[in-house]
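What follows is one chain in structure tokens, specifically the form predicted on its own.
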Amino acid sequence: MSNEGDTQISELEREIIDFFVNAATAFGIPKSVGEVYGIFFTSEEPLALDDVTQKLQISKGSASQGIRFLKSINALNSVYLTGDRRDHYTAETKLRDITDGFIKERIRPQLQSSSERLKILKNTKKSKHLTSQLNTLESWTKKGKLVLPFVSKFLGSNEPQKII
């Protein structure tokens, strides 16, 4: 656990955090989520919400939202510290676990929602051009669903993948 006054972040830690900010941005994830993951990744000790807000100088809301998202994609592990009632976390460093969580929580639901919406749209009156474009979108969605198990397999996932 960090000391209350220990809010200094080294230049190397800043660079590592910036790496995760850039990665988050590339995936359309808020910058603050990248910062939050970065601070956990660079920390030698488990951190609580207050530690994150102090070190990054961000609001509790941003830190809490980042932690919640990161937990949902398996990027943070809960850690129990005797005598401290706060929730503490460490960064998950297995790329396959994080990727599987991201696929399961973000990509698969989006693909499923898109498929359902496309089925509805295909039943509406439209021009030949829009019919063709909807068929293209449907093809892209199907290909996206097919590639997800291979991405997980490539990263070494042990969990069997189900195609939706």
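All of these numbers come straight from a predicted model, not from anything done at the bench. Residue indices: 1-based, along the sequence shown.
Omitted from view is the form predicted together with the DNA, to which the following refers.
Counting only non-hydrogen atoms, which stretch in 51-59, 127-135, 113-121, 91-99 is within 4.5 Å of the DNA in the predicted bound form?
Heavy-atom contact with the partner occurs in 51-59.
Could you confirm whether S43 comes within 4.5 Å of the DNA in the predicted bound form, counting heavy atoms only?
No.
Where, within 78-107, is there a heavy atom within 4.5 Å of the DNA in the predicted bound form? Residue list please.
Result: D84, R85, R86, D87.
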